[in-house]
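As structure tokens, the next two blocks hold two forms of the same chain, structure 1 and structure 2.
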Structure 1
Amino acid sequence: MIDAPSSPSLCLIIGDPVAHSLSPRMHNAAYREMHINYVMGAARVPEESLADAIAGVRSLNIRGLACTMPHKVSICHLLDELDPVARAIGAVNTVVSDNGKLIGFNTDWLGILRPLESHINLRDKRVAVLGAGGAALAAVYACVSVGASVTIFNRTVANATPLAKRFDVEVAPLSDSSELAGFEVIINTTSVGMSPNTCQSPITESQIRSHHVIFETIYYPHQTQLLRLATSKGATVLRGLDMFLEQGAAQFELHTGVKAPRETMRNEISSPLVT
């Protein structure tokens, strides 16, 4: 654990889009609960401005970052060091400034693994990961690390092939609906279903079976079209908020050096005011 500063500190979540993010709300509630003199804000950073943003982090002595789409992969080469897990995954969702040295971490894989393992033993299970971006990297790493058999499904197979080779897993076109019936777990890491396109789902109702565990990594809205379809078919569902909480708790601990107050964080993001 990197020692946290005792002086007032600023953290930011960066991404594009980022206005919808619950990270500031969740982290600021945790700071208050633990009497930590930190504050988290949000900054929209277009892809072409990422290098400038990281330079700003250095010059402003910002304590840490939460990093979301589309920067989880491209930020890696702008940092001074990657944690071994982040290096293995090839994506970063957390940055900590250690006396000016920017270190990249990945807590997304914990956000996926912890909720899943509370419902199913993943060893030797067949897991379908939908998508091939930064969240997919974390999902594949998490499942492979505990002995699951993973296949990546993507609209464009060529775009998913480097990820499949990285972890020595299979790849298939997302349109191949007949394949999904043979899987125990389906993890959606695409942005399909995210606000404002809330009526969309990456797979159809006919592709979902009652034996499936459907893990939706989108947390806004809370109830995506995929989760509605999965619930109607009697599948077990895990919400994006489950992942968001666990990755955020690990992120909080990296930024502050303090054990995360999970219940406070869960209550904040589960509030009826958050839709």
Structure 2
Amino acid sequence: MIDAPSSPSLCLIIGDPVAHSLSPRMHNAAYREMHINYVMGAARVPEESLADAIAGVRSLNIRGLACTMPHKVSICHLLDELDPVARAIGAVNTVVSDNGKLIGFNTDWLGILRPLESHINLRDKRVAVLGAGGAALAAVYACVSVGASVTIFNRTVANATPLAKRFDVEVAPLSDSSELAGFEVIINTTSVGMSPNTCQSPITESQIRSHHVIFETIYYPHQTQLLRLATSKGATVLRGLDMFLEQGAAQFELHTGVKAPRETMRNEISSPLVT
């Protein structure tokens, strides 16, 4: 008798909305490349159903989760354990089931830090983080963790104050960002420029200098107005896809224990067919 192949371990990305997530494509391509018997699916989980979904993860013996908005903060108290970095950031984007014990991790900050550090040593550099939502949490943590001096610029200062206090960094109105010339790095974590408002940029062309390293965390569209302006001014640009790849590669490594095949993953998400 021929042995039937064992059924794959199941990973899921949960979020709402989640249908257009690139994570299943990227992870499934990596599993195939590395001959790992896993499969990743996507499950839309509305905010009010998160606790039920986590109970399901336990009872169905799901191997791991990728977790996106709006669950990254609220999932923390539903897990058995948080990795110290996830606890410090206060948000989880990766869950690993260790024989049924659900452990929460955060790899978003690596998605910011690794691409940045391949261009610039951040110690004592001035970093402007535009925005104060979920993506800003990971960006501020990443930069502070390696000794950068961070200022958060946000449209609504009051919304940024808790984040600034938590990490002991400066905060200023986005309208004050005219003095960006003194910064080495600018990270956009606002939603300005995201589809369908693809003609908008959180800062103007005149604020961008050639010495700037500009990191865009939006990955839909791949090429934002901010990146177009930054390229035309001769600045160094890092794209949302660079962040998406690195957070996903670290997530793959947590789920499987195997080094991520980054080129395969990059090719999968960079395809012109992926919008």
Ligand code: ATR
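Numbers follow structure 1, counted from its first residue as 1. What you see is a predicted model; the values in this text were computed from it and never measured.
- Of the two copies shown, the first one, structure 1, is the form predicted on its own.
- The rigid-part assignment between structure 1 and structure 2 places Val95 and Asn154 apart.
- Superimposing on the larger rigid part's C-alpha atoms between structure 1 and structure 2 leaves the smaller part rotated by 13 degrees.
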